[in-house]
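The form predicted alone is given below as one chain in structure tokens.
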Amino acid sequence: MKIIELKEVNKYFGVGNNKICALKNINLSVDKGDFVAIMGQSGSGKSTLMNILGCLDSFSSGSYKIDGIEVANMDKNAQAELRCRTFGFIFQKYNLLTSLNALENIALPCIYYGMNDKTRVEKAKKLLSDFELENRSDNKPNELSGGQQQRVSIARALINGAEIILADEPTGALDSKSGEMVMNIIKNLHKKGHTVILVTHDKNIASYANRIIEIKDGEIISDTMKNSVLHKAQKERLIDKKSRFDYIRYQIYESFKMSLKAVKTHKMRSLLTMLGIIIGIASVVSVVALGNGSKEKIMENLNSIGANTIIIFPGKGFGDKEASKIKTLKISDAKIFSKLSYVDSISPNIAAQGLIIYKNKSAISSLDGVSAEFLEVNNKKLQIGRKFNVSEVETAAAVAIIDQNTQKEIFGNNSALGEIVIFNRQPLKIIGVMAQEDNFGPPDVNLNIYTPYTTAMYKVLGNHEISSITIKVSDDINSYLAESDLTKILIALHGKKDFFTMNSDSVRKMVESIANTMTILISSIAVIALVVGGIGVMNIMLVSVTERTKEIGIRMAIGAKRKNILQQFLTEAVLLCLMGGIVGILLTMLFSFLFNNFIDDFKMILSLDAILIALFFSMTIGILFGYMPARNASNLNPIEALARD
């Protein structure tokens, strides 16, 4: 029964005047179980014929059928399937992958077949034993002799139960003893029922065959049958029980393993490839962490004026030059506001500058006249002492609370409680010291004293004018609605709008918006580093494809489909970018740890969302910039790739 049929097959190279005929009107048929030797000198076309028979190369015209199926009607994937399941190649130069050991080289075709790990390892070990190589399973090709490498190549050709063995000058690179051993192996394969087609220029090698075909200048000039012994095929039929989903999942898993091995094999190149991604990811995550930290610090400072806090100032707004001339805010306004149901606490504010004197020390300080609810309204705390009570406010008691700056400047390490200071010739008794506030940005170096607003009005300044009113709205009340209502009431009281308000929530949202905008802006700049890194990945992968062209050809020859090659190189690009992303995140974590331990002003706050988004972006970069090199690899012509050194 004929397994191979060629009719009027022609093969041309070049076009126009440069067109060369490599094969001319080839008519050839091969029966199952036959042993055919194709002889000819270099350039006669015998290797071209072999490549066409093995579906590594295409023919220009004619008909080529395998088991009655026209090869010309098959797409590239179907031809790859033939190479995987029907053909077994034995090359003159062995064509083993240098990064894999003997066992892995033998088992490689099983990956494209879809065979699981356990089964393919068992089959590979058996073949190693059959070819007396069981003690060489872990050796790389450069650790094997020529004869051993060729035996590994033969074992690889057999592992998928190849029905047709195609041997291209199988002894051409071997010494006579090794060559004889290889030919005996091939002869035994024929006896086991494999159809063997051997290409050689050596008559002694050709003598092993049943049938000798001689080719010259692309034409068959003789076809001699020595004997007609055909051995019945004993080919092991491999059964693929995997569902399509399982097969795809398996291929992805194997692509990942092969990509990981490729990364390990070329460590320095992989590191350089990842470098741009590492920098880009580290930049993005660090910027977001710094933005989160600074935003939280700013929010803490805003909270120092209290949540749901509204401050009323005279004038049209900040920067109003006429604001100092407007004296319409009164204590009575504050008292009316204090009676509103949604007002939690309130404090009129009176500001003054003056000289504070204690014993032989003096300094310029600020004095703030406030209410008994001052601490609650402004979300401040005492370190030691107590706050004003209502009675002290009503009687304009000469008491004061000082801040930490005043404590350090005037009293040093001594306790200020109970001491008397003079402010603008008015004696004040210290009853409390404010706790230290952790402010973001430049520290406040002013000396601040707080007294009851009545004390400031009647005993220090001698007038009834107040500079602002701070109102804390109940937590369950919308501050914007409260602000609107307060504005209406005050307009009614004053007969006009001679004031403006500052809502802490408005300021908070504005600051948050600014902080978010800055984070996005800086992150966008950092993303450019990612894109540059992605371009670097693409360039390195393109170089990698060029360097590994021979490897790609070998994989295609033993059954890898285009999608397998595409998947492997794309997986490798994604893996490199993902590893770069992980390293970038780890570096950011290290930097964040060091930053938070040495910088006190604010902390870097790592965001899980930012980390996950960064990883997603790194994978996306791998896909986008790895696709072109992967596609280029998958589109290589198998025979041209194999010919590349």
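The structure presented is a predicted model; accordingly, all values stated were derived computationally and were not measured. Start at 1 with the first residue shown and count on from there.
Not on display, but discussed next: the form predicted in complex with a small molecule.
Interface membership of residue 22, defined by any non-hydrogen atom within 4.5 Å of the small molecule in the predicted complex, is confirmed. In the predicted complex, the small molecule sits within 4.5 Å of a heavy atom belonging to residue 41. Mapping the unseen interface onto this chain, residue 54 falls outside it, with no heavy atom inside 4.5 Å of the small molecule in the predicted complex. Although the partner is absent here, residue 45 sits close enough that one of its heavy atoms falls within 4.5 Å of the small molecule in the predicted complex. Stretch-level contact check against the small molecule in the predicted complex with heavy atoms at 4.5 Å: of 587 to 595, 29 to 37, 46 to 54, 606 to 614, the positive one is 46 to 54.
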